[in-house]
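Only one chain is included here, represented as C-alpha cells and corresponding to the form predicted alone.
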Amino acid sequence: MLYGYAGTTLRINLSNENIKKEPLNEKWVEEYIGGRGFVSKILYDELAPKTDPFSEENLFVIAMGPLSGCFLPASGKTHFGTKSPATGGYGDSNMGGHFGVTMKYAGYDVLIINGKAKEPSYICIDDGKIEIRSAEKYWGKGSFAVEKAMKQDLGEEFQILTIGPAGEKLVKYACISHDFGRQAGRIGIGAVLGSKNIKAIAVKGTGSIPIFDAEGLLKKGKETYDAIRKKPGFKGWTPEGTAGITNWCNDVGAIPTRNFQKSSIEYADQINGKAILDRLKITDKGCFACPIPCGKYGFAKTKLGEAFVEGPEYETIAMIGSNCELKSIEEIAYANYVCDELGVDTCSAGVVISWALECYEKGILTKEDIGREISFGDLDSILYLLNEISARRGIGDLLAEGVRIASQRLGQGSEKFAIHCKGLEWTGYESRNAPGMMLGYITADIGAHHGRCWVLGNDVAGSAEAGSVHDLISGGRKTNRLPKAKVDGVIPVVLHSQHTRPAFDILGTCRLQYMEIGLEVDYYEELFYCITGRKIKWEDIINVSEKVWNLNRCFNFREIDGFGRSYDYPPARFYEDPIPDGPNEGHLLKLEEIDLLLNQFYQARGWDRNGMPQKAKLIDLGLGNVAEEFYS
C-alpha cells in the first residue's frame, strides 16, 4: 500500500471523452515524491516535443503531495503544470485553499487532462463518478460569479476551480481561481484550460488517506502546531500576512515603481499591511489547516466601484499598486478584485499595464492606439486596460500576449523596459542592487518568479542601515542611501533557496511555516515518516528538488529553439539605467557582473557555459535517460 497517497491517477481525454483510472505510478512516488515532482516528470515524459501550448495535445496536470490533506499545518497545496503559453517552456503554479485536499479525498493524487471539449464544458468529480458537463450557462462569466453559481447548483461541499473571461480568450497570463480569492497564476495556466474549452473543475471527496502511523501522526502534528505558535514570528506574521513587508521593501529600495523606473515611494503607509487592517479588513482567511492565515478578507470602496476581496497581498500591492502608481489601498484592492474576476495574474497584469503606460508617456503608443488617454496613478486607466486585455479587444489583443511579445511587435525601443525574463513578467522586487535576487529571477525555471528563490534579505543584510526583513514586524526602520551590494558569495545562497522553496511544492504543503516562521526541517522528516512509513532525510528531499530543477531546464532546452544563456538575461533597463533616487540611488548591476554571476552559477550547478546541464550531472541526479537523449 502507498501510505500517504490516494493511490490513483485519473486521465481525461476531452476530445473523445475517454476517462481512465490507473494505479499511481510507484516509481513516481519513489523518485519524485509528489506535487511539483510528479508534474515535472509527467510533462517531460508524456508531452510530445514542440507541442503548441494551445493545441489539443498539450497536457494540463494537477498533482498533490503526500502531506496534502493530512491535517498538518498548511497542508492544502495543489500543484498545476503545463507547457506555458507565456514562455513556450516548462510551466507550473501552485495554489492554496481546499481543492487538492478534496481531490485526494475523492481518491486521486494526479489528474492529467488532454484533448479539447467540443463545447464549453466543466469537469465534475463526485468521488468515483466523473462527468464532462456543459458549461454553456457559465461561459463568459467572471471567476467569482461562476464559483458562486456552481456551489449553488452542485452544493457547498464541492471545491471548484474556475477560469475567467481572460482564460476563455487565451490571455497568456490568465490564471485559475478557487475559494473566492486563491489563484494559480504566473505562466498562463488558465489560458491552457480555456484552450481546452474547460470553464471549471468541481470535485467532492468523502474518502480518506491511508496513514502508516496514525497515532504517531496525531501526536507529531499537534507538536508541530505547538512549535509554530511558539515561534517569535508567529504573532508578527499573522496580522498583516505578506503585505507586512511593504514598508521594509520600500525602505531598502526594492519596491517596483513606474514600471521599474524607480524603487521607492513616498506613500508606503497608504498601501501597506496596516492600511489593510485599518481600512479594508473584515476577517483573516486561511487555507486548509493553516495556523498563520495570511489572507485578509475585506471590503474596498472606490469612486469606480466596490467589492469584497481577499487581499491584496504584497505582490499585488507592488505590481498593481506602486508599479502602476495607485496610491491608496482601496484602489489597489478593487483592481485586485477586477483581476481576480477577469482571471488574470496580478503580477503579469501589473507589468504589462505599467509598460503600456510608459509607452504612452513616451509617445510609442498613441491615444488612437489605446482608444483613450491613460496615465500612471489613474485607476480608471488600469481598469480600462484590464477589461480590454481580458476581452482581447483593441490594444488589449496586443497586451494579452504578454510584455515580451508585445514589445517585440511594437518595437521603437520598448523592449528595453519590457520587464520580464524568458517571457514571464517580473514580480515585486526591484533587484538592481540585489545580485542574489537578480540571479534567482533570471535563472528560475519558469521565468522571472520570486516563488523559486527569495534572497533579498541576504542581499541587504550587509548594510547596517537596512536591518533584516523581519525588522518590519517590530516596527522597521528607515534607511538612507545604501551601499553597493556585494556580488561575491551569493551563489550558495541562491542555490539553497532554489532547492528549498520548491521542495515544499513537492511535499504538498506551504513553505511559509518554514520560510517565515522558522519551523525546523526535522518536523517534515518525522511527519513524512508517520504518513508514508518511509524514512527520509531533508537532504533527500532537497536532492529531489535539485533533480526536478535540472529536468525542467532540460525541458526548456528541448522545447525552446535557441534556449540557453541568452534567455537568462534581465531586461536592458536593469543593467543600463541606474536607479534615479531613493535608498539605491545610482545603483545597477553591470552586464559584466551579470555574466560573472551566470558563469559562477552554471559552474556550481554542473552546467556548461550555455547553461545546459552536463551529462555527468544528469546521471548523478538519476536522469540518465535524459542525459542519453541530449548527449547521444
Partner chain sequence: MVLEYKESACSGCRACQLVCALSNFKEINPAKAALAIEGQFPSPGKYTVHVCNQCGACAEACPAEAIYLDEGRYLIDYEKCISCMSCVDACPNKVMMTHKNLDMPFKCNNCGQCVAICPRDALTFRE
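Numbering follows the first chain given and starts at 1. All values reported here derive from a predicted model rather than from experimental measurement.
What follows is about the form predicted together with its partner chain, which we do not show.
Residue in contact with its partner chain in the predicted complex (any heavy atom within 4.5 Å), chosen from F504, Y105, W549, F417: Y105. Shown without its partner, this chain lists S208, S134, S375, T366 as candidates; in the predicted complex, only S208 has a non-hydrogen atom within 4.5 angstroms of its partner chain. In plain terms, the part of the chain that comes close to its partner chain in the predicted complex, with a heavy atom within 4.5 Å, is 209-217 out of 209-217, 188-196, 351-359, 134-142. Not displayed here, its partner chain is approached by T238 to within 4.5 Å at the level of heavy atoms in the predicted complex. Its partner chain is not shown here, and in the predicted complex it never comes within 4.5 Å of any heavy atom of L170.
In the predicted complex, at least one heavy atom of K148 sits within 4.5 Å of a heavy atom of its partner chain. In the predicted complex, its partner chain stays beyond 4.5 Å of every heavy atom belonging to T532. With respect to its partner chain in the predicted complex, the three residues W454, V490 and K615 uniformly fall beyond 4.5 angstroms at the level of their nearest heavy atom. Residues of 273-301 placing a heavy atom within 4.5 Å of its partner chain in the predicted complex, in sequence order: I282, T283, D284, K285, G286, C287, F288, A289, C290, P291, P293, Y297.
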